[in-house]
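Quick heads-up: it's one chain on its own, the form predicted alone, in structure tokens.
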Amino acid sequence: MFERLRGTRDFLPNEMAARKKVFSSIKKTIEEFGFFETDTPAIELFELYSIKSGEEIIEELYAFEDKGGRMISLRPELTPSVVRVLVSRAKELSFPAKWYSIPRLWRYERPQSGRLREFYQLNIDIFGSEDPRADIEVISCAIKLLCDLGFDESDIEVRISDRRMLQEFLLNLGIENYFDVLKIIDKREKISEKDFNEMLIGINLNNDQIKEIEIFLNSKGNFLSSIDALSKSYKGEGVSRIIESLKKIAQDLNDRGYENFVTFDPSIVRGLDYYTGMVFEVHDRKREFRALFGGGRYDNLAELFGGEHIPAVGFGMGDAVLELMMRRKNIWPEEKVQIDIFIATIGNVEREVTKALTSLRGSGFKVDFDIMNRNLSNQIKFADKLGANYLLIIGERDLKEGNVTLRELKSGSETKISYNKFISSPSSHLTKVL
């Protein structure tokens, strides 16, 4: 007997039905924000990810040499693929372009809670605008889709920062190897304070610089209030411009009613190398799980891939942590399949069943029928397992009188209706009955 590969999942129909409801809710919210769905191939050239996806992701690629001698990789993330499409089709596109997708992705890493080797990931991006309003749209969409799934401000926290501000701060401290510092800051929550300090000393920072960094990183709190405080403490044209952008984001999010969802946290750096400005992560308040998702600005990626300058902002959210959080809050949809009508038969009524099936399905109803020659009792049990709302019983005796029976399975109530009238206009009859 074969077993599924480690870090992958099988979904039975009832499990897939619940997942479909979650994805449908997500898509509905995103499309309310004016985003349009896209997709890309599941395999790409290895170089697409080796250009600038960070060492961590490169080590996790499912990469192999194809029959043409090319290095190929299953996609571990979507942004490089989407930017590839953007660069190749830029002349025929209108900007800003607001795109989303929920593809399957693959990363060869150690499977653990909330992290798998094969997973679905929601990706949302806005291309073509450097305006902070694009950042606001992305963050607002993230919050709204979580609220529509059943979360509220007591469940989730959106931690926002800006890498440019941190870079300016480090440069003002005389730290030129700031990118090395950013990598260490990105690991701060996963290591002890002692290890954090030792890592900074290891890249030649002195105690005064480390102390200033710790003070800066601890200046987190209410988004707008924290930004106001920073504007008084840190001066300079570069910092002022970044702070004004963050102020606009904070004020607009407040105006949209999201003040209690967002927190300013300068320690948010994001591990991927291509982020260039505003960055954010979403966590559960109790920190029971790894980050639900994160994202930010990556304004230079199109140029890196040979295109013109196309500013961009977006985020990715995997389905594994989302499912864990929804189950913990008891808002994961009930895992059950469901159809509208099951046709049960008594006797030789195949032609009448065929006509009923054709008519009902042609009217948009989800319909199944017995193909196992079960007796009526077992047909009813099977219909119940399928989650059928109604049972249409077609029997030889009733047909002699021109009738069929429609039974509501939940209540058990039955109604006899004319077979010919039902076939000619099932929607009208079902509307009255249902």
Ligand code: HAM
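Residue numbers run from 1 along the displayed sequence. The model shown is predicted, which means the values in this text are computed figures rather than measured ones.
The protein also exists as the form predicted in complex with ligand HAM; that form is not presented, and the subsequent description refers to it.
The partner is absent here; in the model of the complex, the one residue of F196, F119, F264, F261 having a heavy atom within 4.5 Å of ligand HAM is F119. For the candidate set Y298, W332, Y100, F169, a heavy atom within 4.5 Å of ligand HAM in the model of the complex is found for exactly one residue, namely Y298. Contact check for E77: a heavy atom falls within 4.5 Å of ligand HAM in the model of the complex.
Interface residue remark: L230 is not counted as part of the site for ligand HAM in the model of the complex, having no heavy atom within 4.5 Å. Proximity of D125 to ligand HAM in the model of the complex: non-hydrogen atoms within 4.5 Å are present. For G294, a non-hydrogen atom is located within 4.5 Å of ligand HAM in the model of the complex, even though that partner is not displayed. Contact with ligand HAM in the model of the complex, defined as any heavy atom within 4.5 Å, is confined among 309-317, 250-258, 356-364, 219-227 to 309-317. Contacts of stretch 82-117 with ligand HAM in the model of the complex, defined by any heavy atom lying within 4.5 Å, are made by R107, E109, G114, R115, L116, listed in sequence order.
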